[in-house]
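In the block that follows, a single chain appears as structure tokens, in the form predicted alone.
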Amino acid sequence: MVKQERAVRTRRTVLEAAAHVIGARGYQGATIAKIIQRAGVTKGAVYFHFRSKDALARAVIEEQTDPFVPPVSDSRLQDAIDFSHQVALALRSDPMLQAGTRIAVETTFTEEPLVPYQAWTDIMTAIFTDAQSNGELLPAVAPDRAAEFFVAAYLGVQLYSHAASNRADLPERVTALWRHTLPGLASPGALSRLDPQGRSRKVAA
């Protein structure tokens, strides 16, 4: 049991170190040597858990969504808005999220791109499907297509924000994204009750 607990801690240490190094240096610039140095473990410990840098990157992508649980309220569209702002705030400081973004961007044009988009798209599809059941979506909106579009747009917005302000203005840009997107998603009755700025941001303020 002690060995198992130690192995779990070591794996987590390596994973977090990989996220920090990839987030700072990029996927191409991150080396196993730098990750080992950051983690403070042996080379054998790293390769015991991850057979390659590729395997490490895939683990980062798989785990980056784990801490984020979408809220659930009477308005699932508002939940989607609030969730997107939660992620936007985390992107400014969460190494796992930042690393996932760099991995996605830097491997897009390789033979085997490592993409985190599907996990986020699945989350948004589930929320939009609930919103459709609640009558919050326009009749022509397909939840899966809407989710795919939003995740793609969100990726672009956060990359633009990263280049423009190191993501300092990301919440404002996400608000603007929703203001432009919601009229094409929300039914008239739902639209009038939605806050693109997000409820969580107002509470924090």
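For clarity, every value in this text was computed on a predicted model and none was experimentally measured. Heads up: residue numbers just count along the shown sequence, starting at 1.
If you look for the form predicted in complex with a further copy of the same chain, you will not find it shown, but the lines that follow are about it.
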### Listed residue (Leu155, Ala39, Ile32, Ala45) with a non-hydrogen atom within 4.5 angstroms of a further copy of the same chain in the model of the complex
Leu155
### Query
Considering Glu106, Asp94, Asp82, Asp130, which brings a non-hydrogen atom within 4.5 Å of a further copy of the same chain in the model of the complex?
Glu106
### Message
Given that a further copy of the same chain is not shown alongside this chain, does Arg102 nevertheless sit within 4.5 Å of it in the model of the complex, heavy atom to heavy atom?
### Response
yes
### Message
With a cut-off of 4.5 Å between heavy atoms, is Phe149 one of the residues that contacts a further copy of the same chain in the model of the complex?
### Response
yes
### Message
in the model of the complex, is there a heavy atom of a further copy of the same chain that lies within 4.5 Å of any heavy atom of Tyr160, even though the partner is absent here?
### Response
yes
### Query
Does a further copy of the same chain come within 4.5 Å of any heavy atom of Leu185 in the model of the complex?
yes
